Each structure stands twice: as structure tokens, then as C-alpha cells.
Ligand code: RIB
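Next up: a single chain in C-alpha cells, the form predicted alone.
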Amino acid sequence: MRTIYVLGSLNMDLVIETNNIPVKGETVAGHNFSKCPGGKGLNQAIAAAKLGAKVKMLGAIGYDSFGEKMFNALKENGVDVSYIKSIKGVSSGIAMIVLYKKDNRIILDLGANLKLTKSDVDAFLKNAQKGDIFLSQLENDLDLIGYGLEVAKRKKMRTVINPAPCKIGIKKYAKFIDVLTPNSGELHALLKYGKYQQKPDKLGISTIIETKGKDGYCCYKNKEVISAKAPRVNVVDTTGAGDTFTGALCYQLSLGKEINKTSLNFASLAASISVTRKGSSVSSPTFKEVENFSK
């Protein structure tokens, strides 16, 4: 099994449900407030580890109770936390999540996530081997992620980027990216060229997997297109579904599997299970749960 190296964010999710979205100056009632360890990096690391992958994570937290809780969540789910930095004088990342009609709206304060350095990346990837997986998202500093991609490719690692939240600047690192996993909105933004919409192959990335919520996925792999609908499930909370998909896909890659209908359907099943539960990292399934769901 190959190791998955995750360079990513850690944010404490502060979640509140509401039946009404407030307009300017308005206060509305909320309910079911909860706190849950999150951040796209943490979510994807835990999603892969819960399935049985060997996962190491590079991230940063503050000296606060939220940071401690996120650190413990990673450790308890089997993620190697040797490269999680605690930084004084800055808060851990926070995500304010409003759930409205089974969908979510998110406001981020990245805090400690922006304090990682190139030296941290060098130390993190020092012992990475050819064929290991480098996974990142875009909640950390973009140039740092680009540096990580360059180092990873020099080591002949397989690189996976989940371009969320979408930052157009990631396109300048396309030559270092093997697999891109945007949702439909992110892919649309990345392909926009003036008044025109380019085709996925114009990004210069060999494999692009568009996640489409209840409509499943569409994978553009060189000249081949692979797509499938997601299973019908009772949707409770979509937070973290894309993270579960990407984490599950990286788990498949760590086993030496190729990106094909089988590995993509596995990732789609894992994401479908996650939306039937509340929370982000806590909603991702174990391998046994995916196996049972597929029967």
C-alpha cells in the first residue's frame, strides 16, 4: 500500500441549521448547533484513513481547544499527526456553516492554516517514495501548495488536487497535477475563458473528475469520459461529501488501483453514505460500511 501525504487545512466547523436565510440587518432563529472537526485537509485525511489507507498529514493549528480537538480527531482515526504544527499567537481555523434546506453556506477564517512554510513541506515529503500520493486542496496558501506539487512530482509521486475553494491561480501548476477533483461550479470557473467556456482537456491535466452531487460524477480521462449517477439516498447534510469522494478515491489509488468505473463508483458510494449523516469528518464511512452499502 502506498502512503497518502495530505497537505491541507484544519478548521473547526461551527454548524447551525435554519429554516430562513437572514437578509441584511435581520436576525433569524436557528437550531441544532454543533461543533465538529473539519477543514478540507482534515476531512479528506480522515476519509481515507477510515477506509484503511496509510495517511500522513501536514497542517497547522493554534494553541486552543479547537486545535486540540482537531489534533485528537486525526489521531483517533489513524492519521499520522507527526507533522501537525501548533502555532502560538494565532487561532485555529474556523468554518461557520449554515445549513439551509439540506444545503450549506460557509464562511472561513483560516487562521493557523496560513502559517505553514516551504521548510515544513520539505520535511514532510523528505521520505516520500515514488508512487505515493500527494493530496491537497486550496484552503492553504496557493504558492505553498504549488511548491508542494513541484516537490511531489520531483519525487515521482501521484498528485491529486481538490480545487476548493476555487482559486484560478491553481491553473499555473497544472503540469504538476495528475488528478483534479472539482465540483461542477469549480470546474466551470476554471474553464471560463473570457466569454467562452473551454473543454476540460484545455486545462492540461490528464484526469479531471467533476463531482456533481446527486448526479454523481463525470470523469474526463485523456479522451475517455466515464460517468455515473449517485445512488438515491436520504440526504441529511451535504457538508464534506466532496471531501469524502476525494479521500475515498485516494484510498483506491493507494492500493494501486487505476481511475476507472470501479474506483470511481467506490468513491461515489462513500460520498453518498456521508450525506446521510450530519457533520463533515464524522460522516465519512468505514470500508465495511461502503462494502455493505454496495451489496
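In this text, residue numbers run from 1 along the sequence as written. Keep in mind that what you see is a predicted model, and the values were worked out from it rather than measured.
This protein has a second form, the form predicted together with the named molecule, left out of what is shown; the following refers to that one.
Contact with the named molecule in the model of the complex, judged as any non-hydrogen atom within 4.5 angstroms, is confined among 253-261, 35-43, 22-30, 55-63 to 35-43.
With the partner omitted from this view, the residue of 170, 97, 116, 84 that lies near the named molecule in the model of the complex is 97 [heavy atom within 4.5 Å].
108 is the sole member of 203, 142, 189, 108 with a non-hydrogen atom lying within 4.5 angstroms of the named molecule in the model of the complex.
Using a 4.5 angstroms threshold between heavy atoms, residue 247 stays clear of the named molecule in the model of the complex.
At a distance threshold of 4.5 angstroms between non-hydrogen atoms, residue 284 is out of contact with the named molecule in the model of the complex. Using a 4.5 angstroms limit between non-hydrogen atoms, residue 274 is distant from the named molecule in the model of the complex. Taking the named molecule as it sits in the model of the complex, the stretch 217-242 comes within 4.5 angstroms of it through a non-hydrogen atom at 239, 240.
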